[in-house]
Every structure is written in C-alpha cells, then in structure tokens.
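Coming up is one lone chain in structure tokens, specifically the form predicted alone.
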Amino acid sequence: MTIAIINPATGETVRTFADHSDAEVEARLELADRSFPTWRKTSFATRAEIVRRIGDVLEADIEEAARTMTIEMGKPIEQARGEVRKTAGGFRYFADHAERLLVDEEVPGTAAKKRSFVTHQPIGTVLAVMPWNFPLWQVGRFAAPALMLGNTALLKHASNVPQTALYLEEACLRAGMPEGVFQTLLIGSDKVEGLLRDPRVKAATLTGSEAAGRSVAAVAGSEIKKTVLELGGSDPFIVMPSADMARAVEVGVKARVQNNGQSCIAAKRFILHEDIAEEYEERFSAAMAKLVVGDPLESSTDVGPLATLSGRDEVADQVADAVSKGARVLCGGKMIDGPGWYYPPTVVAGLTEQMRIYREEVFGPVASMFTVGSIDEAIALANDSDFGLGSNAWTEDPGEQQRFIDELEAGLVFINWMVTSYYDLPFGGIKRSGFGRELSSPGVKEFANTKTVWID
C-alpha cells in the first residue's frame, strides 16, 4: 500500500510514502512494550520536563507544522497556526498539572484499617487511531496526558496526513523523549485489528467516524480492552429571543465553518425561536455569503477545500437530496468550478425528516436552519439525534439557561458561546458520539489502573 499526500486545494499528489512493513510494525510494537517499564518509573519531574519541551518544539516549528497540515488536509493557514499553538499549550498544561491531577486520593481511615487510598498507575502501550481534521491537536490531547501518566503510545494516523504523523514522532524525539515511548505507524486501517488483538497493546483510543468506532470497540471488547471513542456529532445551536443577536450570528458562523466545517463539534443544526428566526436567517446567511473561499495558504481565506474528494461529494449529495425534497437554499449550495475540493458556505432551510440532512452529520460548511415555537420544541428537536457530543444555547434568561443545562442530551453544553475543547475541561459525548473523556482530570485517568490500596 502507498500512503499519499494529495493537496485538496489542487487535487495534485505532493508526496508518497511506503507503509511500514509487518516487520517494522513488529519492531515498533516490541520497542514500545520494552520501553514501558523504564518510562513508567521515570519521575514526574523528568517526564514533565520532556513533555513541556515537546510544546516548545511545536511552538518553534509553527510555520512549518502549520503549512504541513494545510497542504495535507486544507485547513486555512491561520487556523493551522492556531492549532499548533493550542497543541503546544496542551503539552505544557499536562506537564504542569498531571502530577496534581494524579495525586493519590486518601480515604479516611476506620477502626478496621490504618490507611487506605486510591492511586492511579499507567497500564502500558495505548494505540491511538486518529483522524485528519485536527491532525496535531487531536493527537496531542490524547498523548500529553497518556505520556505524563507513564504510558507509551503508538499512533496510527489518518492516511492523508502522514507527514504530520511523522513530524509528531520527530518532535517527541527532539524534545528528549526516549525512543519507543511515542511512535508513529504508517499503516492502513486493515492492520488495526491485529494490533488491538496483540497482548502488548493494553488499550485504544479512536477519534473518527461511527463506523470506525464500532469496529475498534467490537475488537477491543472481544479482547476485554479499554477504549475511548470520540465519534461524530450533529451539534444544535439554539437561539432564543433574549439572545444577543449580533454575537449569536458572528459566533454561529465561526462555529459552523471552523476547519472548513469539518469538525465533530461544529454547530450543524441551527434551532431558532420563531420570534427571531427570520432575522437570524437573514443575518446569518449574509455573513456566510461574505466568507472568502480560496487558497488555504492565504491568510485572507476563511474557508478552504474539504480534505477529500469523497467528502466534498458527500456534502454535495446531502444538499442536493434536501433540495430535491423541498429544502430552500438561502446561500451557497452550488459546486465551485475549478481544481480542488471546494464547497461554498451554504445555508438550507425548510428541512423535513425525509431529507438525509435532517439526521446525518454534514461534514462541511453547510448550516441547517429549523424554526420552533417554544423552548420545549427547541429541546425536543435538539435531542432528536443519534449524536450527543456538544450543544450550544443562546439566551439571557437564567431559567432557560438552566433548562438547557439540565435537559440537552450532550456531553458538553455551552451557553452563549461555541463548543470547543479546553485543557482543563473534560471532553467527550454520549449516545453515538462515543464514550469516555479526554482532557482535564477524567482524561488523564482514562488509561490508568485506578488501584485501591488498604494498609492495616
């Protein structure tokens, strides 16, 4: 198998890589397993020094790393630079805070015992199956806490971002990470099952599609191995009459088209109270129509190409299906002529359950508009989804805010802001958006043996 970088802005093949042979994969797996006992016994201070330096390496390489991501998957260059900075910050955050987050938890003694406590210990080599849409950050938010805990890591990255995958391994080595602690595997998805069944791999994490999550979870489950899954999302963006309209429009546009609309936590379903629906649609559509679509290497570009030709075609098919069944296109909706896998910022309204777009995740810059008559209808429509990752609700009414917090079926609820991931807040979803948590205290403990200790 040949792994290729195809520039989505031009459709041209930039570079190809031979995948790792079975012998190379075995050597890397053996090295990860052999490196674990030493790495787990390395002091927190030493691990923190190395992990913090990874952040420094990323920051120093910001232009090269950002350009690599943009050429591989089409992210606008300014957003790529932001991703490098965020990933660097993530490594530094866990270098500074992991020891505190993992401190032994004392349990008050009783007459039956002198002391008891809970300690968190690493479990070994963790396989990370990662996607292309945030090729640095989504690896970093797994790797930083896992490495600080004392685990070793094998990265099977998406096949369209091999240069970023290799760069991450190189950055770790340049920061002083011992060989074998973090390694990249250039392999196809057909090799994942064999790794999951290998006894030297103790757990797995996957960010990707529902189908990929099902596959990894099924294999890992049959081997009784821990998994964390961060899958798709169809996040609601609810706007109530008391909302700050100008800000809700501005943030709503950003929330829909971040990373060219290819984000699991992008706002996808805009649920508007009837009192403000017409005004919001008009202002939002006008703002979407003004976005600059073009070369992602140009800093003036707001929306670049979609990462794959098949992804672009899927988005176009979803919109075409909706239009054929009566949906109204408020802006965009027509394929862009010329090279590259571009799709314009698009707004569609008048959606019904018979349309694919009603229930499927749309992984591109397409906003779906719905009108409701009450907060009850808004919550019911927001929850009428197989997904449950993030949710956005815009209201200044404290009572409405509390209802959204209590009743929205999602792993994240953001009031008067867009869903995003922060180092110090847990990240993850429910329903078919996956299970487990990344980041913060829960994330750093996902791949730990949480061990009860009793001393009499």
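For every residue, the number given is its place in the sequence shown, counted from 1. None of these values were measured; they are calculated from a predicted model.
What follows is about the form predicted together with a small molecule, which we do not show.
Remark: Gln354 does not count among the residues lining the small molecule in the predicted complex, judged by a heavy atom distance of 4.5 Å or less. The small molecule in the predicted complex is approached by Val216, whose closest heavy atom lies within 4.5 angstroms of it. Although the partner is absent here, Gly373 lies well away from the small molecule in the predicted complex, with no heavy atom inside 4.5 Å. By the criterion of a heavy atom within 4.5 Å, Glu361 is counted among the residues contacting the small molecule in the predicted complex. Highlighted residues Val57, Ala88 and Val139: none comes within 4.5 Å of the small molecule in the predicted complex, counting any heavy atom. Distance criterion of 4.5 Å from any heavy atom to the small molecule in the predicted complex singles out Ser209 from the list Ser209, Gln79, Ser242, Asn383.
Gly233 is the sole member of Gly233, Pro135, Pro145, Gly304 with a non-hydrogen atom lying within 4.5 angstroms of the small molecule in the predicted complex. None of 174-182, 335-343, 322-330, 225-233 except one has non-hydrogen atoms within 4.5 angstroms of the small molecule in the predicted complex; the exception is 225-233.
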